[in-house]
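We begin with a single chain expressed as structure tokens, specifically the form predicted on its own.
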Amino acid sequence: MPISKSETGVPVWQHRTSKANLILWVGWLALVALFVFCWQVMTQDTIWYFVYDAPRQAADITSRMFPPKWGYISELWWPLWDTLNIATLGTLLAIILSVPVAFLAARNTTPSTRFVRPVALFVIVSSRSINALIWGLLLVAVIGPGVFAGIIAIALRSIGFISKLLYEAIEEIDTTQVEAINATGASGLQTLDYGIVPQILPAFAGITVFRWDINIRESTVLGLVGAGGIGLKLQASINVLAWGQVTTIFLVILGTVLVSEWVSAKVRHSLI
């Protein structure tokens, strides 16, 4: 904190120097200018009549969504089962692929910090950078629509999440345990089995359950791009303006997410 002297020679405490205040104001001015520029870019093609009319349209659609069409719920159980399978099998596939990627990315387990680790980090960043819907679009175009495309999309999206958190857990292990096991003459595999895995196992279990919970939510919308699940029913109902069915689907999705959240919390609490 800078100190200046008044005319009487008594030190006066200041929060910032004049130079720091000037830099701060210039920074705020640049931020406001950037916001104005971005707002103009985002809204240059906006039809403001539609924006002003949006509340009336929203109220009209909401009035058509009630009451829900409860008789339609019988047609949702099988798509919901597909959604759960997409999330679960996609998570399992991601776990199988993520574990080696995480060990290759961690500084204390990778065979090469110069070559292998950057490749593993690139895989992690690539997976986390692309949304599950984008993966679904690409895979539907490559292997066709259906549940299989949804499973692969969820797996590819989950690799980055699981690998990142897992390799960070590997790097934070207690190295004294590893050194003690190495001192006994243990092999590399034995060191991994007895020195590293027991330390990261609770974190790994929590990460995978948490990711499964996230995948339940993401898999519900994959049907919008043809990747199977309850999203197919949602897209079909929206296309024919069957708003009562849409409400029923929303309620089923909400109930599924709440149950998965409860299960995930219970499992993580028992593991960690």
Partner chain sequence: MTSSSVASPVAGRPWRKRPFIVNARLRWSLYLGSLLYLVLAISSVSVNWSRVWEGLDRGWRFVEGFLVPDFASRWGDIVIGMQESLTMTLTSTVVGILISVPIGIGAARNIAPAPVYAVCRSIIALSRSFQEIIVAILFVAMFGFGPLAGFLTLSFATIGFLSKLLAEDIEDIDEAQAEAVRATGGGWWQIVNYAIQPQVMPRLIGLSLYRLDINFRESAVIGIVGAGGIGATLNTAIDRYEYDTAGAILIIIILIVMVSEYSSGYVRKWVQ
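Because the structure is predicted, anything quoted here is derived from the model rather than measured. Numbering follows the first chain given and starts at 1. If you superpose the two forms and keep the largest set of C-alpha atoms that fall within 1.5 Å, you have the rigid core.
Although it is not shown, the form predicted together with the partner chain is what the next lines describe.
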item	value
All of L138, G144 and I238 within 4.5 Å of the partner chain in the predicted complex, heavy atom check	yes
Contacting member of I73, I134, I96, V119, with respect to the partner chain in the predicted complex [4.5 Å, heavy atom]	I134
The partner chain contact at W77 in the predicted complex, heavy atom, 4.5 Å	no
Contact label in the predicted complex: W243 to the partner chain, heavy atom within 4.5 Å	yes
Any non-hydrogen atom of I207 within 4.5 angstroms of the partner chain in the predicted complex	no
4.5 Å heavy atom contact, L84 to the partner chain in the predicted complex	yes
Large Cα move at L24 between this form and the one not shown, threshold 2 Å, rigid core	yes
